[in-house]
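First, one chain by itself in C-alpha cells, the form predicted alone.
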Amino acid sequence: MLDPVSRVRRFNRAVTSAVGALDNSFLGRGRPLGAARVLNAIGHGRSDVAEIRDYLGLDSGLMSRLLRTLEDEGLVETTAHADDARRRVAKLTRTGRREFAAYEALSNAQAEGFLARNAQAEALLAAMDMVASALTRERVVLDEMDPQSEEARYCLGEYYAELGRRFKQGFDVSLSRDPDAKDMRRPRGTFIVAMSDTLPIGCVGLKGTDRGYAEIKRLWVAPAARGLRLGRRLMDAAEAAARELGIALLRLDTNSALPEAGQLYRTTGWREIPRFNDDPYPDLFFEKRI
C-alpha cells in the first residue's frame, strides 16, 4: 500500500489534471487558470485588488501581471479607490461580465460531470468538503449574521437534522426555547457563522435574556470541518461578543448524547450547574463568568 505522503501526492496530481490547472487554456477560454481565477473573484463581487490578492494567495507581482493581462483583453478595469488613492479597485467590463458568465456555465457543467460519473456522489461531496475545509482552515472567517439569513438557516437546518439523528427521542425545534432565535440579535445577543469561502461550516448563537445572564445556543460544526478547532473559535467569538455587550455571566445546556460538546465546555472553563430551564432535550447544564 502507498505511504501517506504518496497518497497525498497522488491526490494532488489527480486534482491538478482533472480541473485543468496546468492547461494554457483553462476550460478552453484562451487563458490559464490564474487569470481565470482573478476574473472569477471579481465576478463574484470582490473588488479591492489587495483583498483579491490575499483571497487567491498571490504575490503582488503575479497579481499585477494577471490584472494587466485581463485589462489588455478588455475584461477588467481598475481605478483608484474613492477613499484611498493608494488602493485599487477592479470591476468587470461588459465583455468581462460575458466572459465570467461563460466560465460559470463551463465550471458548473464540469462539476456536474464529475458527480454524474460517480455512483457515490454524496460520499464524493463529503470528501471534497473535508479536503477543502482542511486546506483552507486558516482562511475560515467568522461573520455575525442575522439568524434568518440564508447561511444561518442552512447551519441551523443541518444542526437540527444532526440532533434528530443523535437523540433517541429525535428533535423538534418547536419544543425548544426561542425556536426562532429572535433574541440572537444585537443588542440582546448575536449569531455567528463560520464561512469557508462560500460554504457555511459552523455557527453559534448568543441569546440575550432578562435574567442576569445570556445563553450560548446552537453551537454546530459541519462534519467536514471537525478536528480543526473551529468549535473553540466559535465559542471564543461568542464570549468576545458577550463582553462587548456587557454580559458577565453565560450559561448553556447540552445533551449527553453529544459528548464532544461536553468535553469542549469542560476544558474551556465552564462548570456544571443544576438545571436552569425546562427545555425537554438537555440533561447537562453549564455556567461561565467572563
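Start at 1 and count along the sequence shown; that's the residue number. The structure displayed is predicted, hence computed values, not measured ones.
The same protein has a further form, the form predicted together with another copy of the chain, not shown here; the description that follows concerns it.
- Contact with another copy of the chain in the predicted complex holds for all three of 8, 115 and 150, each having a heavy atom within 4.5 Å.
- Exactly one listed residue, out of 154, 160, 167, 213, brings a non-hydrogen atom to within 4.5 Å of another copy of the chain in the predicted complex: 154.
- Contact with another copy of the chain in the predicted complex, defined as a heavy atom within 4.5 Å, holds for exactly one of 173, 134, 102, 89, namely 134.
- Using a 4.5 Å cutoff between non-hydrogen atoms, residue 78 does not count as a contact of another copy of the chain in the predicted complex.
- Using a 4.5 Å cutoff between non-hydrogen atoms, residue 95 does not count as a contact of another copy of the chain in the predicted complex.
- Not displayed here, another copy of the chain is approached by residue 111 to within 4.5 Å at the level of heavy atoms in the predicted complex.
- Contact between residue 226 and another copy of the chain in the predicted complex is found at the 4.5 Å heavy atom cutoff.
- Shown alone, this chain has one stretch from 204 to 212, 70 to 78, 118 to 126, 181 to 189 that lies within 4.5 Å of another copy of the chain in the predicted complex by heavy atoms: 118 to 126.
- Residues of 188 to 206 placing a heavy atom within 4.5 Å of another copy of the chain in the predicted complex, in sequence order: 196, 197, 198, 199, 200, 201.
- The pair residue 105 and residue 22 is at least 3 angstroms closer at the CA level in the predicted complex than in the present model.
- Inter-residue distance, residue 25 to residue 105 (Cα): reduced by at least 3 Å in the predicted complex versus the depicted form.
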